[in-house]
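Just one chain is shown here, as structure tokens, and it is the form predicted alone.
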Amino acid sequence: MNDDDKFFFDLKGFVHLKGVLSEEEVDRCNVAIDAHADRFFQTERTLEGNSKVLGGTDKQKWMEGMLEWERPHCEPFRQLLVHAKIQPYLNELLGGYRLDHGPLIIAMDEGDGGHLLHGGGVERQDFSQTYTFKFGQMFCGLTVVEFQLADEGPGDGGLAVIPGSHKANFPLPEKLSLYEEHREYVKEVHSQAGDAIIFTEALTHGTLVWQGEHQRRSLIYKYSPSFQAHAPGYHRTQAPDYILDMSDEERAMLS
């Protein structure tokens, strides 16, 4: 993580890395997802809350459990646990770290509803979601790596953030959370398939209604410092022996 990356992450609360995944890596992920498309589900949660503009014609589609899939479909998702281009950033932001929960695939078709803008420095009273800076070093709690498996261009919707909000000292205005007012402070993160966006969970972030004609696909991994946890309890799995088929480095991320 170079000095420019450090400056902009501390300033904005996120860093956008272009071309992290090769075209082959993106294709392998999408082929595996297509092979398990019947496992998509729609969350029972109302992600848009009472927003008049974030509700869509349908809900987002989510998928979990990729680390447990049969080979070769599990392989690209396991490899992303310890991706060489991501590790230096997590080392800088978290020190020793592990997967907190996930991974999760979010798919959105044209018209699918968004997610409230949520978070912000003042709201993160739980230390597991904190962002602080002490003695010349950034310290993050829960940290998100979002790999893009499809393009997100201007006007498409998708990932949206409020840069700098991870250091906010006042609560997020409700109309801004609902994306009904103060939209000039919200930044759509335009990206291409293969890009990765790393952000602290303390950053105010959400999802805008998907307007693209193609399906949005984002792959989310959430990491915590090795000494703490955000997700409660143990991870449940239907295939408890799958970790025995992982590399030592991949398995360490789940400890």
Ligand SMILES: O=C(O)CCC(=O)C(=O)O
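Residue indices: 1-based, along the sequence shown. Since the model is a prediction, treat every value here as computed from it, not as a measurement.
Not on display, but discussed next: the form predicted together with this ligand.
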Answer among 66-74, 51-59, 202-210, 24-32 for heavy atoms within 4.5 Å of this ligand in the model of the complex: the stretch 202-210
Using a 4.5 Å cut on heavy atoms, which of I106, L80, L149, L90 is close to this ligand in the model of the complex?
-> I106
Answer with one of I162, V145, C140, L159: the residue that has a non-hydrogen atom within 4.5 Å of this ligand in the model of the complex.
-> L159
Find out whether any non-hydrogen atom of H118 is located within 4.5 angstroms of this ligand in the model of the complex, and reply yes or no.
-> yes
Determine whether any heavy atom of I220 comes within 4.5 Å of a heavy atom of this ligand in the model of the complex, and answer yes or no.
-> yes
